[in-house]
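Next up: just one chain, as structure tokens, the form predicted alone.
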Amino acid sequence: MHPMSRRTLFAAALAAGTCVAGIAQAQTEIQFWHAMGGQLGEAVNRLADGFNKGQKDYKLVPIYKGSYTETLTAAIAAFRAKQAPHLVQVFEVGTANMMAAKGAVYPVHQLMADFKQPFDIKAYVAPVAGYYSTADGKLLSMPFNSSTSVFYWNKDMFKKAGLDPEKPPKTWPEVGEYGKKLVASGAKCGFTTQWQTWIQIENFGAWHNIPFATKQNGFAGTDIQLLINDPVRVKHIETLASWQKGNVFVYGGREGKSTPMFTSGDCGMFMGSAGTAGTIEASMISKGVPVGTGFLPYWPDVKGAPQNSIIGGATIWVMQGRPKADYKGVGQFFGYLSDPAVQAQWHMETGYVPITYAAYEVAKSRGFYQAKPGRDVAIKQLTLNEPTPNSKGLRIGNFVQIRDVMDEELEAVWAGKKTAKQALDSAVERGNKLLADFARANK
């Protein structure tokens, strides 16, 4: 044989060997669909990079799919087409619908047991894990960006209004008084709120220990009815509507659309997600505008208030339909995500609450709460008291549509088209029809 031929054969064999080695070392991709854009999306990418650099078998690929609703809709459509991602981020109001999606979900407790991954539900902050668990305490989805609603105030604007910048209002009557003083000092508005249904209806109920729906807010069954037209909520919405006249309260839109009203200095007070802390840090505090963070206000005449707030944000659900071996990598990622140092870093970067008690202790030990006062308010508020059936959370079917109904009805109040009682009565009537539809479909 010609020497060149031998060299050619050797080169071919070497190339083939390299190819085989490449195949042997190929990483399994794990798709993670999420709803976090901007600064939060960058934090998700850093999480993925950390996991990917820590092991060689799997590559977590985060893919932004739009808003929470858009991400959930896309995942359901992909599952029906047998092209679902391994992981999808679903906001808390989608929990009941995900539980009802028979055959679509791989419960987290089962996955961790199947692949012998270390897992102890008692390590997770109770109000967080409880929201996403079965009645007997089995975790269905992995807590991820858990938040609760908190109270922010602009300390410079407080000073200008003659208010003590270190003392936020504790009660709703005080919010009204402070708001009037802020407007009198030149502020465009006293306060505004993000996510009006989550904060002013849902969390409001838990904070005042009053129910949102029958059967323990849906935890005890799907055949339920809404209870949001109670006297306490009616009085609350009536008060907010009356405060609009003097700009003590100004409605800034659904979800997080009101945030710029606070970060731009239009409003002196703001009720929003703890997960907004990173945005407030970047747009205000880092530019020399001091901001305080405190507990939500309460009505002092309501017995049992304040109780504890409930969580928002989202968890990561595991979708069925992928090769079984892939799920070992999913379990490893969940282990990485729950690592105290990793979770503490996520908490400190974003403002979302740490999902484990150990991560909270790591943040404490690093002096984070001394350096950034108020960033521990969310977890203190969530754990203020042992949760009651009214304050454990909400397990509501068709909740996305029900939130839309509540938004529409509240907007009718802000526009002066309905009284608070008319709007909340209508929200109950319309919401109960959606709940009945869900109960029938999931008998």
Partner chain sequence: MQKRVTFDNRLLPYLLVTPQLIITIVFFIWPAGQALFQSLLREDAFGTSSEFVWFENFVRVIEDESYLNSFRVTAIFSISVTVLSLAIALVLAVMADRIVRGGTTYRTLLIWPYAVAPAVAGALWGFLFNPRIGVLAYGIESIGVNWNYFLNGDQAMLLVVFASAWSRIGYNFVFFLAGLQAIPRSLIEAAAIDGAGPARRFWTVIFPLLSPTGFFLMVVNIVFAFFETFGVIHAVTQGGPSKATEILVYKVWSDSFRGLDLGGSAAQSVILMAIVVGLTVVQFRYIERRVHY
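Take the two forms, superpose them, and find the largest set of C-alpha atoms that agree within 1.5 Å; that set is the rigid core. Positions refer to the first chain, counted from 1. Quick caveat, the model's predicted, so the values are computed rather than measured.
Just so it is clear, the following notes concern the form predicted together with its partner chain, a form of the same protein that is not shown.
Participant: Since only the chain is shown here, I'm wondering whether E408 would be in contact with its partner chain in the model of the complex (any heavy atom pair within 4.5 Å).
Facilitator: Yes, E408 sits close enough to its partner chain in the model of the complex that at least one of its heavy atoms falls within 4.5 Å.
Participant: Check whether A123 has any heavy atom within 4.5 Å of a heavy atom of its partner chain in the model of the complex, and answer yes or no.
Facilitator: Contact check for A123: no, nothing within 4.5 Å of its partner chain in the model of the complex.
Participant: Look up in the model of the complex whether Q381 has a non-hydrogen atom within 4.5 angstroms of its partner chain, and give yes or no.
Facilitator: Heavy-atom contact with its partner chain at 4.5 Å: absent for Q381.
Participant: Quick one: does F79 come within 4.5 Å of its partner chain in the model of the complex, counting heavy atoms only?
Facilitator: Answer yes; at least one heavy atom of F79 falls within 4.5 Å of its partner chain in the model of the complex.
Participant: Using a 4.5 Å heavy atom cut-off, are D164, K167 and R366 all in contact with its partner chain in the model of the complex?
Facilitator: The answer is no; none of D164, K167 and R366 reaches its partner chain.
Participant: Consider the chain as shown here, without its partner, and state which of K287, K102, K245, K303 has a heavy atom within 4.5 Å of its partner chain in the model of the complex.
Facilitator: Looking at the other structure, the residue within range turns out to be K102.
Participant: Would you mind picking the one in M98, V175, I224, I201 that has a heavy atom within 4.5 Å of its partner chain in the model of the complex?
Facilitator: Exactly one listed residue reaches within 4.5 Å, namely M98.
Participant: Counting only non-hydrogen atoms, choose the one of 345-353, 148-156, 110-118, 90-98 that falls within 4.5 Å of its partner chain in the model of the complex.
Facilitator: The contacting stretch is 90-98.
Participant: What residues in 388-423 sit within 4.5 Å of its partner chain in the model of the complex, counting heavy atoms only?
Facilitator: Read in sequence order, the residues that approach its partner chain (within 4.5 Å, in the model of the complex) are N398, V400, Q401, D404, E408, E411, A412, W414, A415.
Participant: Superposing on the rigid core, is the Cα displacement of K82 between the shown form and the other one 2 Å or more?
Facilitator: Result for K82: yes, a 2 Å-plus shift.
Participant: Is the C-alpha displacement of N247 equal to or greater than 2 Å between the shown form and the other one once the rigid core has been superposed?
Facilitator: It does not reach a 2 Å shift.
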